[in-house]
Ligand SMILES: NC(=O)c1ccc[n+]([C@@H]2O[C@H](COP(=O)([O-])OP(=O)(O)OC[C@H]3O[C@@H](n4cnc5c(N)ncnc54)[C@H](O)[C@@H]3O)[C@@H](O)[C@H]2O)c1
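The chain that follows stands alone, in the form predicted alone, written as C-alpha cells.
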C-alpha cells in the first residue's frame, strides 16, 4: 500500500494515477474539507481528464483520510514555497509531513519526497528529522526523491508520458521505486543520487524562466523604440538554431515563478543571470500596469473603472491562480494607492477579488478598455466581442488590426 501525503495539484493526480493502475493507495491531507469533498465523490479542482481518472481510482478502491497510515511507502507531495526575503526554499511543509510520517511508519519503509526542493534540502532538513526519531537511514528507513514533472492543464497526459527522475542513496531502492512509478509512467525513468535529482528539477524550471525573461526583455526593448517584438521573434525563429519564446504579462504558477529563486537563495554570488531573469519576469505585471496608464492617456481616458482585466489564472484553461500575474498587477495597483480595475475569468466561479464579474458579456458591457491577461479558449472564440473597444493584448492573440501590445 502507498500513502500519498498532500492531495493538492500534484499529490491528488499522482494518487489517482497509481490507484487506477493497480496500486493500493490511501491519500492523506490535513484539510478536512478537501478530504470530505473527495470522499463525497467530487474532485477539488478542474483539470482535463481528472474526473475520469478519479472515477477509475474510486473503482479501484482508493481511499482518502486525514490520518497517516502504517505502510511500506510514503509519497510526500506538499507545497514548497520560498522565503521572499532570503529567496531560499521554505521546507516547513515537507518537514512537518515527514515528522508525522515518522510517528507511524514501520522499520523498512521508504519515504519518497515528490515536492520540488533546492539541492541539499533533503540533506539539510529531511535527514535530521528522520534521524531525530531514532531511525537509521538506509537501515531502518529508505529515503528517495522523485520530483514531480507535470503542469496544470495537461496533468493526466504528462503523468503518463513525461520522463521521471528517481534520486536515492541506494540504487537498489531507487530501482524499486522506479518499478512503482513504471506502473503508470510510459516515459523514461532515470535513477540517480538525491542531490542530482533535486538539482535537475530546479534547473529545468530555471531554464524555462530564463528564456521567458529573454522574451520579456525583448518586448521592453522593442516597446522603447516602437518595434514589433512579435515580428522580430517570428523572423529570428526562422533560424534553425533559434527558438525564442513569446513575451507575456508575467509568470505565475508554483514552478517557474518559484523554483529558480531556490538557486538564487542558495547561490547568491553565482546565480546572477537567474536573479536578473526572475526580476525581469516579476516586473512584467508592473510593466503591463504602466502600459494601461500610457494607453489611457493616449486615448484620453480618465476612468479606471472602465478598464477590465480578462483572466485571473496564471495560465490558460485552468483554475489555478497561484502567483497569477493578474493578482500581482492588482497588488501593484493597490501599492500605488489606486483601485477600480474590473476583473473576469471563466474558470474562477467564486469571488476572490474586488470588482469581479462572472459573465463575459456583463464584464464587456461594463468596460471600454480590455486587457487580455490570459489566453483562455473562451476569449479566442469571442474575439469579435472585443471590436470597438480599446484592447491591450498581452499574448498577441487578437486577429484584428486596432490593438495594443505590451
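Residue numbers count along the first chain shown, from 1. Given the structure is predicted, the values throughout are model-derived calculations rather than measurements.
This next part talks about the form predicted in complex with this ligand, which is not shown.
Proximity of residue 17 to this ligand in the model of the complex falls outside the 4.5 Å heavy atom cutoff. For residue 55, no non-hydrogen atom is located within 4.5 Å of this ligand in the model of the complex, even though that partner is not displayed.
Remark: residue 390 does not count among the residues lining this ligand in the model of the complex, judged by a heavy atom distance of 4.5 Å or less. Taking the partner from elsewhere, residue 328 is found to have every heavy atom lying beyond 4.5 Å of this ligand in the model of the complex. Of the stretches 166-174, 218-226, 270-278, 71-79, only 71-79 has residues with a heavy atom within 4.5 Å of this ligand in the model of the complex. Checking 110, 257, 116, 121 against this ligand in the model of the complex, a heavy atom within 4.5 Å turns up for just one residue: 116.
Residues of 15-30 placing a heavy atom within 4.5 Å of this ligand in the model of the complex, in sequence order: 28, 29, 30.
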